[in-house]
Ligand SMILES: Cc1cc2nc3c(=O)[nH]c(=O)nc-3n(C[C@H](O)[C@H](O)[C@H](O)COP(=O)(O)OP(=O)(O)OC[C@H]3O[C@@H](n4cnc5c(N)ncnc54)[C@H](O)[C@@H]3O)c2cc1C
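Here you get one chain, nothing else, as structure tokens; it is the form predicted alone.
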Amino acid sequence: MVEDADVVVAGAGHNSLITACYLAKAGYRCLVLEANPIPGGGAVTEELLAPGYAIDTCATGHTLLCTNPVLADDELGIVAGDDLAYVDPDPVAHVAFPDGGHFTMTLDREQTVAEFGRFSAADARAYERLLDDYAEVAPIFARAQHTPSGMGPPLDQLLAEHPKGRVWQRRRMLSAWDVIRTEFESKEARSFLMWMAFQTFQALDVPGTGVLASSIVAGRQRRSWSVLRGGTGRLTQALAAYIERHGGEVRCNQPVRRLLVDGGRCTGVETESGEQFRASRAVVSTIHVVHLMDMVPPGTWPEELEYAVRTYDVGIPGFGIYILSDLPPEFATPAGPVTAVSAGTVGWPEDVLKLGFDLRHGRFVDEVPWLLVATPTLADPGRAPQGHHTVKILSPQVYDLPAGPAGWPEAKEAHAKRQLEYLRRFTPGFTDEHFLASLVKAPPDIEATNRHMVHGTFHGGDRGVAQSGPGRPAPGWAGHRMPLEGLYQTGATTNPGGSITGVPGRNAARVILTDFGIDPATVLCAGGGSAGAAGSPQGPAA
């Protein structure tokens, strides 16, 4: 067997790059293969419309990643070494309601409490209670997320040991809507919190989503929508550079079409060009699980895994409008215009609930019940020429049209026009004459750009009870080890799911290092060097 690397990694999303970085830190030679022209997956920054205008094609906010030890403790040295600097914008968010009302969230907790109080004194108290209650258990949820399945106490056990744990055992099994409607009374407070909770593109009436009603808003209240100066892509560039500095390689335009299997063990991968790359120690996959099933001979996977993937809900697709403009969207309010890096519009609670129902049942959404309007150049002006802005407008949408995929080119332009017309009810100056260029992406366009965003979904799958924690991607296979010996899975289809968190990547590294006979604590820590760096280039024997 020709050994091309110690570890071959299929896919260069931010999670698999993080896994490879820790393995490289331990002394293993990693080869990362990426289908697209640049690494990053959903964490890329591109000049989509014109030179000098840096657009985060998918993800922009890194709030969750900033609390991950990979950055919080700079375990890879890339924060200091690659000068990764974050900006925490203030206001945190600004949202417009259908009647012209508005809600502005700031980093000043008391100001935000007062904003809730404009609509209901009881809701102001409820918001303070929400923040305080979640702060008590946030370390428990963080500990559970950062512990691979089977390597520590499960979340339910950790909660049971907390004085308020039984409340949270119940709350996390409720839907986000159940939590919001129980705690808040005004339609404005409910709609604002639903706008926040829906940012994972998760229908809010699905059991098991209850924590979203607290976790997202609490994170934003603590540190806003953290934006990486220069664009999201600077993160994945730094991770790729780390791998290469440690003797590894990241090769792009190398789509993997099948896994190589020998004697029940995954020994490497084959790309669409027919080239084979073999691994002496392990293969790490960030390939979407619905594609992974077809990359081995029939009968390779156990029945329970095949069933789980056959019933896997890939989630809600996205629809995007990308704009270059000579001014930002300014929301008109009685106190004057407001701009925010993270802004948007939202319907009343019944509108957002109907949105989730329609999407889950494949019904085209021709109204505008939820918009995210991201203008990172407000906090990071270096992404565009002076005085200019990049604006990304995201919304959920179905993949299939009643008339079939052939109708999307016309339908997407008409839908984008409806959304912009609706947005201008609240941002009257954000008109076409200020646009320098624009691009519309329907769900099939998103999927065509990144095949692992199945049906144009960003977050790797639904986050209801069936596909969370030990059920992601499948019961019995949530610990990153796959049924094929030598194959490990990471990325958005593994716990805790999508978004820029780095948690699946770090957790997968912990599992692999353990299987390689290395104490993960010697690698998943600040500073360089580890047990695997001494000795042979391939690390210690398994």
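Because the structure is predicted, anything quoted here is derived from the model rather than measured. Heads up: residue numbers just count along the shown sequence, starting at 1.
Note that the form predicted in complex with this ligand isn't included here; everything after this is about it.
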Checklist entry - With a 4.5 Å heavy atom cut-off, would you call Arg425 a contact of this ligand in the predicted complex? => result no
Checklist entry - Would Gly42 show up as a contact with this ligand in the predicted complex if we use heavy atoms at 4.5 Å? => result yes
Checklist entry - Contact between Tyr322 and this ligand in the predicted complex at 4.5 Å, heavy atoms? => result yes
Next on the checklist: Against this ligand in the predicted complex, would Phe103 count as a contact residue? Criterion: heavy atoms within 4.5 Å.
Outcome noted: no
Item to check | Single option in Ala492, Ala26, Ala509, Ile55 placed near this ligand in the predicted complex, where near means a heavy atom within 4.5 Å | outcome: Ala492
Item to check | Position in contact with this ligand when the complex is considered in the predicted complex, options Ala474, Leu487, Val70, Leu33, heavy atoms within 4.5 Å | outcome: Leu33
Item to check | Contact segment among 496-504, 509-517, 47-55, 478-486, judged by heavy atoms lying within 4.5 Å of this ligand in the predicted complex | outcome: 496-504
Next on the checklist: Taking a heavy atom within 4.5 Å as contact, would all three of Gly11, Trp225 and Pro255 count as contacting this ligand in the predicted complex?
Outcome noted: yes
Checklist entry - Which of the residues spanning 431-455 lie within 4.5 Å of this ligand in the predicted complex, based on heavy atoms? => result Ile446, Asn450, Arg451, His452, Met453
